[in-house]
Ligand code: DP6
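Read the single chain below, which is given as structure tokens and is the form predicted on its own.
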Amino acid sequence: MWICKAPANIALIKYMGKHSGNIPCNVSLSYTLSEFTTEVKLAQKNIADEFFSEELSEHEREKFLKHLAYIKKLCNFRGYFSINSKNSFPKSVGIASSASSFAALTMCAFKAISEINGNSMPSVEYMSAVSRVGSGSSCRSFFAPWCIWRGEYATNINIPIDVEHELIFISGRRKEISSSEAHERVKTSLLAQGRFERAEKRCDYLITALTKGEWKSAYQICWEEFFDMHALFETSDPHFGYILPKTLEALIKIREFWEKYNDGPLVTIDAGPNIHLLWRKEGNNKSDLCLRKKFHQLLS
């Protein structure tokens, strides 16, 4: 049996719009969520690949099996596996379970096939590119803590700032519109014009702000970026959305906190209702700990 784990990731500059093969229409910048992982187990069997997981629908299982078949074809491998997958967090609620799942499956399949065939493992860069075919954002889960994805390949990017991730969990309700469907619907939005150029510029601005320690600028860029993406959802035809009333309530409180203290966390939301925060990691700095305590008092 072979076991691999892979983390989810959260994009601060969003991937929304793609070409064939899950090639993104614009650059994206992400932070790896090491505390949210998917574990995949593979075991050899005699006939027909088989997937076991109560967490996945039949359609999702088919996507997993299709991706495994793709990897087997790349490796010219004719054997079969049973697959078991388990997340450490809720799926389909905007925490990138697809990214961690396909990254873990890709790692595990290459590990198993390489050992069976007596070959060395492919490079991380190659596995990332293969994983992208199954789930675009999964290619970012191979790199930590910061990753930039442009075109076919994702890679590490050196951003000299340590952060801590925090999740404001609003709802575990399964989203009705998948990320893949969202990619198609947003093409009908009038706001889609210029979207890719806006994302490219924001990515450059955000990398500069984070590198220079311009934290408030980074917050403003992230805020504009996730609202830009969600505005596409709300103005597509037919329109749809992921943000719930409690999401908006929390966002208003976060904005008020920044206005009062001129400091706080970076904020972003993926294709779901839950809010991701990134705090500067400053150890036992008393002013930082005090700020975070005030923040949680405000949200409680």
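Because the structure is predicted, anything quoted here is derived from the model rather than measured. We number the residues from 1 along the sequence you see.
Beyond what is shown, the protein has a form predicted together with the ligand; the following relates to that form.
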property: Contact test in the predicted complex: residue 67 vs the ligand, heavy atoms, 4.5 Å; result: no
property: 4.5 Å heavy atom contact, residue 85 and the ligand in the predicted complex; result: no
property: Residue 100: touches the ligand in the predicted complex, heavy atom cutoff 4.5 angstroms; result: no
property: Contact test in the predicted complex: residue 211 vs the ligand, heavy atoms, 4.5 Å; result: no
property: Partner-facing stretch of 119-127, 137-145, 213-221, 151-159, counted where any non-hydrogen atom is within 4.5 angstroms of the ligand in the predicted complex; result: 137-145
property: Single option in 171, 189, 114, 179 placed near the ligand in the predicted complex, where near means a heavy atom within 4.5 Å; result: 179
property: Single option in 72, 183, 198, 165 placed near the ligand in the predicted complex, where near means a heavy atom within 4.5 Å; result: 183
property: Interface residues of 239-272 toward the ligand, as seen in the predicted complex [heavy atoms, 4.5 Å]; result: 270, 271
